[in-house]
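Okay, here we've got a single chain as structure tokens, the form predicted alone, with questions on binding and movement later.
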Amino acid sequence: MDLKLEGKRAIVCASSKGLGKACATSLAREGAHVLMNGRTESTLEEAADEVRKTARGQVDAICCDVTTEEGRARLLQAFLHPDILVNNAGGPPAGDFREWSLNEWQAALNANMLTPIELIRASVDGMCERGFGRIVNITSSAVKAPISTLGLSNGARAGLTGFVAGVARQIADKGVTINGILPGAFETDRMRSNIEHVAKKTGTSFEKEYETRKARIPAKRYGDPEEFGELCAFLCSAQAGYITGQNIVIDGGNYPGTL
């Protein structure tokens, strides 16, 4: 299927590894001009070189911290008039809510709620004027099924989801969509660090916790980031123009609800 993304300008935040990198890979493979982003220059450049190997579109990279005002300004100045915005940020640490300070809450809200909102605010009107735009927010399956040890993430990502629910419908007639992808357990550094946290807290081994969690997933495996990237590319496609304001869970069947 031709997703009609050739020449579209796509910003993919936090794309030096993990799910963000997978999204950048899929979009570039479809012919989009992709701007990758990360905070560690060597890691980012290595990732960009890897994405270029399969890309049909141009791939650029800019090292900056998009959770800061300066970083967002640099990102948007480097890539004026994006057609596609993929919001992504590393999740806050796991832990017990009794131990989190106000500063930790503010950092989580800034990274996982306020930064995406600011990037949407800066780019959405231009998309509306041009009659095409795709915004994808990478959140978490915890938006629908909260995970007790990820309270910082639960709260911040649920706030972003509530905000988008209103905005997406205000601009639905302008050719611009906003959707969320809610990943479950994927083979990423983030997932492994969460497993390490739980293993240490419970006194078990990483390997045992890794296998126990995998066995609970109906698909009996962890997700491949490439699967995630392909879903992101489809939501950014011309064919997905009638999908907006939705939160799509991709978790191997782990979420047990009907809605």
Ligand code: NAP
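The structure displayed is predicted, hence computed values, not measured ones. All residue numbers refer to positions in the sequence shown, first residue = 1.
Keep in mind the form predicted together with this ligand is missing from the figure; the text below concerns it.
In summary, among the residues Glu129, Asp173, Asp189, Asp96, the only one with a non-hydrogen atom within 4.5 Å of this ligand in the predicted complex is Asp189. Residue Asp65 is the only one of Asp65, Glu227, Glu46, Glu196 with a heavy atom lying within 4.5 Å of this ligand in the predicted complex.
Within 4.5 Å of some heavy atom of this ligand in the predicted complex lies at least one heavy atom of Gly184.
Looking at Gly91, you'd find a heavy atom of it within 4.5 angstroms of this ligand in the predicted complex. Residue contact check for Leu19: one or more of its heavy atoms lie within 4.5 Å of this ligand in the predicted complex. Under a 4.5 angstroms non-hydrogen atom cutoff, this ligand in the predicted complex lacks Arg52 among its neighbouring residues. Stretch 57-65 is the answer when you ask which of 230-238, 57-65, 203-211, 23-31 has residues with heavy atoms within 4.5 Å of this ligand in the predicted complex. Of the residues in 32-50, those that come within 4.5 Å of this ligand in the predicted complex through at least one heavy atom are, in sequence order, Asn37, Gly38, Arg39, Thr40.
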